[in-house]
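Below you will find one chain, with nothing else, as structure tokens; this is the form predicted on its own, and questions on how it binds or moves follow later.
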Amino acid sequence: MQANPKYTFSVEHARSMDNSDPVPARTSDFHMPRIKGKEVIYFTGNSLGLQPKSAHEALKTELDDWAQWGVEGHFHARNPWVNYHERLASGLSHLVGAKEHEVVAMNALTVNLHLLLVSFYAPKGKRTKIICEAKAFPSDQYALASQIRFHGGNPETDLIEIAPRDGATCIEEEDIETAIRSHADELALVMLGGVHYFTGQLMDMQRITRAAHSVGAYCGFDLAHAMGNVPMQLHDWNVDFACWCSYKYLNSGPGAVAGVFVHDTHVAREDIQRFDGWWGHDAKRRFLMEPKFESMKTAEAWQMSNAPVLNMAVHASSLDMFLEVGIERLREKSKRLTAYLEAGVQQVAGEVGFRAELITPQNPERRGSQLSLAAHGFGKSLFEALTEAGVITDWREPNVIRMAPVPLYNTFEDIASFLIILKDCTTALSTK
């Protein structure tokens, strides 16, 4: 493949880039899937991250302690289960830019979103409306609409969706601000995805939060595609709440434990609505089995049940890796990888003669570790050809292939090898 003015795409050159990169990929710390006996090129960490090799030992530790201690493992396991969730606070706070008492690992993503909406969506009088992005992840749309109905509202009028401008693929923050001002006295909540799952657009969360607060509305984010992908400063940005999963960029396993952030200004409030449970009760008095709930006065107050330890063991080992490398360094590596992939895809399109429309923002500051490609003229046939050739990407209707070069384990050599396959597949499909 020929070099473009800025990049060289040969496998040999890509390998030299990997060898000299200041943030070397930790590919050897992960299990790479094999299909038909051959190791794949894996660009789907935005859907399900790879398994860390440390996961097996982390899980075995807890299984062995369960076998040895039984119920006494809550206090005598090597990592006592009674406060196991506390082990995760440092890693989570590092990733979202929070104080440790503002975060807690618990439940699953949409469960957490509903629990947070109990606290931060309280329609009253004219203030009944929620602003979200058009084509939000469906689970978010279902949750928001069902919460509106639960409070006696109508999603057709109370859920305001902000779409890209005509001819555009991404949303302008200016349009979100305009909508916020337009519904200033009717708005209860702004709730968006921090990184849009379909386009990969990174939202300006600080700007959106400021706009929401300026009209007296709460602001929260679904960080499913932002956690472990981009650095954040939720505390300093004054975000009210956020929730996320851990099985994408956080590599914690399918259906792994999720988490929440609740800003310091809310954690000790006595006037906030919340669904209470045992593990949100003051830990010093929890085993006195008192009938009256006494809040932890931290984000743990939203934690209803004791920690799913076997699930959290893998999550803890993954978070340790992020603390070792640092999310800021991973972000810089991510920008380099994504730019290399972007330039390579466009070069292949030029050589083969098809239109590769990347619906992800071109500005590296407005995207994470993802490119969403509409390869016009091919559709799903290209996705299937890539899969057959050993490249794992992600297909989203109606015509988008999502690719995520994850800096923890993907390399420049992965991208160069992929570009060769992409050229072969598109050339073959063009002749049919």
Ligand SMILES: Cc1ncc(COP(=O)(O)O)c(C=O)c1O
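Quick caveat: nothing in here was measured; it's all calculated off a predicted structure. Just count from 1 along the sequence shown to find any residue number.
Not pictured, yet referred to below: the form predicted in complex with the ligand.
Within 4.5 Å of any heavy atom of the ligand in the predicted complex lies no heavy atom of F241. In the predicted complex, none of the heavy atoms of F354 sits within 4.5 Å of a heavy atom of the ligand.
For the chain shown alone, K248 is a contact residue for the ligand in the predicted complex, at least one non-hydrogen atom being within 4.5 angstroms. Using a 4.5 angstroms threshold between heavy atoms, D140 counts as touching the ligand in the predicted complex. Taking a 4.5 Å heavy atom cutoff to the ligand in the predicted complex, the contact residue among I176, A313, A301, L109 is L109. When you look in the predicted complex, the only residue of F261, F221, Y197, Y218 with a non-hydrogen atom within 4.5 Å of the ligand is Y197. Shown alone, this chain has one stretch from 332 to 340, 81 to 89, 293 to 301, 132 to 140 that lies within 4.5 Å of the ligand in the predicted complex by heavy atoms: 132 to 140.
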